[in-house]
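A lone chain, given as structure tokens: the form predicted on its own.
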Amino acid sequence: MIQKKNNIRDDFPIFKNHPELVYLDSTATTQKPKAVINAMTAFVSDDYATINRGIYSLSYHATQKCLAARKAVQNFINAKSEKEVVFVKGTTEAINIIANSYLNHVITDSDSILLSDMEHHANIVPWQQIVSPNQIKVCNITNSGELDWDDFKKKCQNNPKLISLTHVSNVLGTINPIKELIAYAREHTDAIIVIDGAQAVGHMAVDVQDLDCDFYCFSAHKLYGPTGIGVLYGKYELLDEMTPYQTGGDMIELVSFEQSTFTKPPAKFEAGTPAIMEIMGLHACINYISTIGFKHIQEIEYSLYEQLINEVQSLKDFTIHGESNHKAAILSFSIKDIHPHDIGTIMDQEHIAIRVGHHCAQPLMKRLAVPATARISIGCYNTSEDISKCVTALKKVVDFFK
């Protein structure tokens, strides 16, 4: 069991400023360590200038810092080249770029794409804007919340044009066997493979070359970094062939009133002035995570998750949604005859921050036959005391309504 106090928690000012806070909503967004806050503040205070093409020293140094951040991302996910790392606003924009810059130019009326029942809206809605409903095939999940392997193999027989799957479900916590799924798809289809890694990168090492995905997307704010910045990884040969989704400054080669030509990736997909301060924060959160190490992060998270599972067993009419053998530290649940919003309201009165609702996964809610769930998600800053307080608050919820 993790000790009540640990030095990781001390790195996060939010807990000093709100000592009563039990924050268990890291799947939605993570709190920020001093290292990230300080890096962004220092850049704005001491080094700020816009990047690219500036010949004065401040601009040059800002540009070098952004290049260093891109290199850090390359190393973090083991991309073959920093040219395969595109800075975007987040996972949602990354998937929209793939949909509009890639799929929109190659899809035909006879093609299909393959998703799964556990996808976030950001991995559903962008594809719906490109293809008709009958072209979207959906892989089933099992009652335990795992991807149905037999159904996946069956759906692959149709040779989908694109397969897009979540690495880790934001509701069920299921860690999909992405490497095995990709290997099977490579052998039996010609599909381009997209992975939504928003819930994975803060909890486990990701090696895009080892996975052999074509695209991988994630957001910094789920990685203890800032909002407004994320990464689209794409194999260079694909990025090079794609047409830019957005156009404007900084992504052009030559412009005239007759025509314009575009530069090479990744700049081709980074129209306009980038989120420079946020890029500094992204670099800082990668460095921060690296100093802790995923082994230690997983030790913390899984120990606390085990404690949580053991302690909620005493609650009456408590249903867990998602009981895969391979899970992240995410617990979605229902309590019979108590609406999730009521659960969340009472928990908030006890200073416990959890998430309630459909979690941007309405098709999954339909599959689970519930309107919504409550969700507890654990970060590396949580403690055993947090879990005990959370379960005590849940008992108060049950007592109040029962």
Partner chain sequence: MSLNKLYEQMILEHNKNPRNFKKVDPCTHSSHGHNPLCGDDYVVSIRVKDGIIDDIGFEGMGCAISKASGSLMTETLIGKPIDFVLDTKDKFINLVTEDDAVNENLGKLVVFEGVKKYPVRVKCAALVWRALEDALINTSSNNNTVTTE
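This structure is a prediction, so every number in the text was calculated from the model and none was measured. Numbering follows the first chain given and starts at 1.
Below, we refer to the form predicted in complex with the partner chain, which is not included among the displayed structures.
Notebook entry, point to check: With the partner left out here, if you bring back the partner chain in the predicted complex, are H120, S132 and V171 all within 4.5 Å of it by some heavy atom?
Noted result: Result no, not one residue of the spot touches the partner chain.
Check: For the chain seen here without its partner, which of 65-73, 52-60, 33-41, 355-363 has a heavy atom within 4.5 Å of the partner chain in the predicted complex?
Finding: Within 4.5 Å of the partner lies stretch 355-363.
Margin query: Considering non-hydrogen atoms and a 4.5 Å limit, does the partner chain approach D342 in the predicted complex?
Written below: Looking in the predicted complex, residue contacts with the partner chain include D342, since a heavy atom lies within 4.5 Å.
Note to self: Is A372 near the partner chain? Define near as a heavy atom within 4.5 Å, in the predicted complex.
What the structure shows: Residue-level check for A372: yes, a contact with the partner chain.
Notebook entry, point to check: Even though the partner chain is not shown here, does Q349 get within 4.5 Å of it in the predicted complex, heavy atoms only?
Noted result: So Q349 counts as contacting the partner chain.
Note to self: Against the partner chain in the predicted complex, would K395 count as a contact residue? Criterion: heavy atoms within 4.5 Å.
What the structure shows: It does not: once the partner chain is placed as it appears in the predicted complex, K395 has no heavy atom within 4.5 Å of it.
Next item on the list: Would you give me the residues of 371-402 that have any heavy atom within 4.5 Å of the partner chain in the predicted complex, in order from first to last?
Entry: The stretch 371-402, when checked against the partner chain in the predicted complex, contributes P371, A372, F400, F401, K402 at the 4.5 Å heavy-atom cut-off.
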